[in-house]
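Only one chain is shown below, in structure tokens, and it's the form predicted alone.
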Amino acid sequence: MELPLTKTGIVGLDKLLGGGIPVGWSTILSGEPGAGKTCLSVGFLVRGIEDYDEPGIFCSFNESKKELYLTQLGYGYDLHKLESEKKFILLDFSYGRALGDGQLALQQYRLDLPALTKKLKEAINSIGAKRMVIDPLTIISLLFDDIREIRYNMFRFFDVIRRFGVTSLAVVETKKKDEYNVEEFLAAGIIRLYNERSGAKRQRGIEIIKMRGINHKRGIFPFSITDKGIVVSPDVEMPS
């Protein structure tokens, strides 16, 4: 029996994935700053709305609503329009970014894990969302004091999200190419973005590290960010 798949709708990515992301799964989208994580995750929501009539939620601990709506217009993503059509909701918890401390955002909004999951569920139910993005998931780990607590509560969080029935991307920041965070060990799928220097330029690349139950392509493949969002080249593997 084949797994039902959520097509990302992003040019070239579904071919790389072997059709899409399993319905209801939480997949980690990781990479260094500037790799294109927010653009890809917003594209996942927008394509879901426009191509597959699947409403989406964006939970932001990083960019404010004003910032995100403005920056994504450059990629052809009119989030304000989708919001006005009641197909998109942005949950803005970005207060702490200006202070350089994500934990302050959680304190400002009096959020703990149960409170956050309640807000997510309310937003999902209000528009019948089928897709969700959390950017970045790393902020949630600040609620806990040690690695055991982080691991246990992240596992609980992924389980709750699965029960919501939405297919989600959880954004995670990395600093090194071979660095992995605790969240990535718990997730059923990992998509990694790269922004590698090649001479005087940088080349963006994408790799499916794992996607349980899916026969996905292996290797690093180039992608570009255009005025129509992200375009992946699934038939041109980057040299190692």
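In this text the structure is predicted, and so the values were computed from the model without any measurement. Start at 1 with the first residue shown and count on from there.
The same protein has a further form, the form predicted together with a small molecule, not shown here; the description that follows concerns it.
Not displayed here, the small molecule is kept clear of I28 by more than 4.5 Å at the level of heavy atoms in the model of the complex. Although the partner is absent from this view, C39 contacts the small molecule in the model of the complex, with a non-hydrogen atom inside 4.5 angstroms. Although the partner is absent here, Y77 is a contact residue: one of its heavy atoms lies within 4.5 angstroms of the small molecule in the model of the complex. When the small molecule is considered in the model of the complex, A35 lines it closely, a heavy atom lying within 4.5 Å.
No residue of the trio T6, K130 and G189 has any heavy atom within 4.5 Å of the small molecule in the model of the complex. With the partner omitted here, the stretch from 114-122, 143-151, 69-77, 85-93 that lies within 4.5 Å of the small molecule by heavy atoms in the model of the complex is 69-77.
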